[in-house]
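Shown below, as structure tokens, is a lone chain in the form predicted on its own; questions about how it binds or moves come after it.
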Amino acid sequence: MLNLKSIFSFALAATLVTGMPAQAEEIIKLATTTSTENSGLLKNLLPKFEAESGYKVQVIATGTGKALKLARQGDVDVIMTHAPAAEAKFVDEGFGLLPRGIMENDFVILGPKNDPAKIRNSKTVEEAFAKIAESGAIFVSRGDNSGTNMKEMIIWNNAKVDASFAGYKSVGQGMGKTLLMANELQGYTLSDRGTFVAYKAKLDMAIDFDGGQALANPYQIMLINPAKYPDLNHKGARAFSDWLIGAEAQGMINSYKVQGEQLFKATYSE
């Protein structure tokens, strides 16, 4: 029978010979947005990384605000989010290290196909939001402090519209469930394009407004400062970050399609 000392020696030897992570480092806890999960992107990327690295990535899909909170508490090893201002604050406070832009898509306003608020001829996203509020139409907000929700609130503020009008519904849900609720109510909502494409077959909705660069939606991966939480799996987190910016992963991001449509554009450059 093997004693504990023998088991430890065997595990250490296996690590040295294979280069695979030791048992304590096998899991990488990733907090990321629901859009990377709902779009199917992570299911496409992670098996390749896990097969090549020997790590297992445990995904916690939540809003960006919650992901940053988990990181501040030392509950995850690495984060992938899409709220530039909140991410910059996270780094400035000393929690985040090595932010790397890895990809982007864009935000779109989805709504009924007959566009009752007549937003399709709007010149700006702020004009489109104002028309929705003025028309009495329903607007379904994620209401979850996610990157999408943060972007939405910036738009309402810039449009000088108080997001408490009669048709405004804050549901506290991820992107997928919010889309299904907006579809059921035949209201408008702000979505990342990737999740919309992934859910399109389930929805009777259309893109009623897209605003090009004004609604750009960049994603970053960030490490957690080891000075704050030395016991996290920093080695695994760095390995995952390095892999995502590599040519193989960037190519996989660009080639990932749902229903023939590209969902994300890889953006990393040295």
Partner chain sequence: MNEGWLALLQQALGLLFSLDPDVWSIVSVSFSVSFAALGITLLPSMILGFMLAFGRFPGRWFVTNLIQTLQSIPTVVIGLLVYLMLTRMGPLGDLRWLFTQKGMILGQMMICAPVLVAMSQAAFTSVDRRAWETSRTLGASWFRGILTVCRELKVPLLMAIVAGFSRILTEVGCSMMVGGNIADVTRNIPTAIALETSKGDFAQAIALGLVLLILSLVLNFTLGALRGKAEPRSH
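Positions refer to the first chain, counted from 1. Remember, predicted model here, so these are calculated numbers, not experimental data.
Below: the form predicted in complex with the partner chain, not depicted.
S.K.: Just one stretch in 85 to 93, 178 to 186, 103 to 111, 121 to 129 has heavy atoms within 4.5 Å of the partner chain in the predicted complex, so which one is it?
M.R.: Selected range: 178 to 186.
S.K.: Any chance Tyr229 has a heavy atom within 4.5 Å of the partner chain in the predicted complex?
M.R.: Taking the distances in the predicted complex, the answer for Tyr229 is yes, it comes within 4.5 Å of the partner chain.
S.K.: Mark Val171 yes when one of its heavy atoms lies within 4.5 Å of a heavy atom of the partner chain in the predicted complex, and no otherwise.
M.R.: Heavy-atom contact with the partner chain at 4.5 Å: present for Val171.
S.K.: Answer yes if any heavy atom of Ser135 is within 4.5 Å of a heavy atom of the partner chain in the predicted complex; otherwise answer no.
M.R.: Because no heavy atom of Ser135 falls inside 4.5 Å of the partner chain in the predicted complex, the answer is no.
S.K.: Is Asn44 a contact residue for the partner chain in the predicted complex, using a 4.5 Å heavy atom cut-off?
M.R.: The answer is no: Asn44 has no heavy atom within 4.5 Å of the partner chain.
S.K.: Go through Thr62, Asn233, Asn225, Ser53 and name the one with a heavy atom inside 4.5 Å of the partner chain in the predicted complex.
M.R.: After the contact test, the surviving option is Thr62.
S.K.: Counting only non-hydrogen atoms and a 4.5 Å cut-off, give the residues of 121 to 157 close to the partner chain in the predicted complex.
M.R.: Sequence-ordered list: Gly143, Asp144, Asn145.
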